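First, one chain by itself in structure tokens, the form predicted alone.
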């Protein structure tokens, strides 16, 4: 019962803050509302018994990526005088695209029922132990290959960013 109320609270918070991200005039406030939206989404992951995914979501998105967003916003120094005004055609096209997206979502959710949220059995789905067993069991070779691929990509990026020193 308490999880259902927590779910509804997190859903309301996520949707409300997502709307504030879109309609906020100040880009810093939009970024801060987006952080709250990320935390609400991480709360949904915790409710689904995916603790690892929730923790990684908070660390990666609410932590690292939002710090970069805020850094870029502050480096851009957006002023009202410098910001170009968008034409009415672009605003109308954005409204039409948003309306079409809303219609698609309504059509997709039309067949669902409100009572479909059911309690689940705690079978360990989403726990780090299960993830480790699967990752280092059946998918050990692809995991190691992707690790070597990422390492070579990082070395290549460092090599390409170095200046030629003669």
Partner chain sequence: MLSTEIIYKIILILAVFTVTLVVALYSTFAERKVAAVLQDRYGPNRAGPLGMFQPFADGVKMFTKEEFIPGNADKQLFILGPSIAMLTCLMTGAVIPWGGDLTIGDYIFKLQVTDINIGILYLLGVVSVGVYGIMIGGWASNNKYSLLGALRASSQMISYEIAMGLALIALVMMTGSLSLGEIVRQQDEGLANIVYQPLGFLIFLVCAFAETNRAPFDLPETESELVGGYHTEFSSMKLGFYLFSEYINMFISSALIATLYFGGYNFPFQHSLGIEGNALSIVQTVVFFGKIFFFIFFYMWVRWTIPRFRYDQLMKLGWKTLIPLAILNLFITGIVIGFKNGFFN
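Rigid core here is just the name for the largest C-alpha set that superposes within 1.5 Å across the two forms. Numbering follows the first chain given and starts at 1. Treat the numbers as computed from the prediction; the structure is a model and nothing was measured.
Missing here is the form predicted in complex with the partner chain; even so, the following discussion is about that form.
**Q** Decide yes or no: are 46, 51 and 66 jointly within 4.5 Å of the partner chain in the predicted bound form, with each residue judged by its heavy atoms?
**A** Judged in the predicted bound form, 46, 51 and 66 all sit within 4.5 Å of the partner chain.
**Q** Can you check whether residue 32 is within 4.5 Å of the partner chain in the predicted bound form, heavy atom basis?
**A** Residue 32: yes, in contact with the partner chain in the predicted bound form.
**Q** Although the partner isn't part of this model, could you tell me whether residue 89 comes within 4.5 Å of the partner chain in the predicted bound form, counting any heavy atom of the residue?
**A** Heavy-atom contact with the partner chain at 4.5 Å: absent for residue 89.
**Q** Residue 127 versus the partner chain, in the predicted bound form: is there a non-hydrogen atom within 4.5 Å?
**A** Because a heavy atom of residue 127 falls inside 4.5 Å of the partner chain in the predicted bound form, the answer is yes.
**Q** Heavy atoms within 4.5 Å of the partner chain in the predicted bound form: does residue 74 have any?
**A** Yes.
**Q** Checking residue 52 here: with the core superposed, does its CA move 2 Å or more between the shown form and the other one?
**A** Not so; residue 52 is displaced by less than 2 Å.
**Q** Is the C-alpha displacement of residue 154 equal to or greater than 2 Å between the shown form and the other one once the rigid core has been superposed?
**A** Yes, shifts by 2 Å or more.
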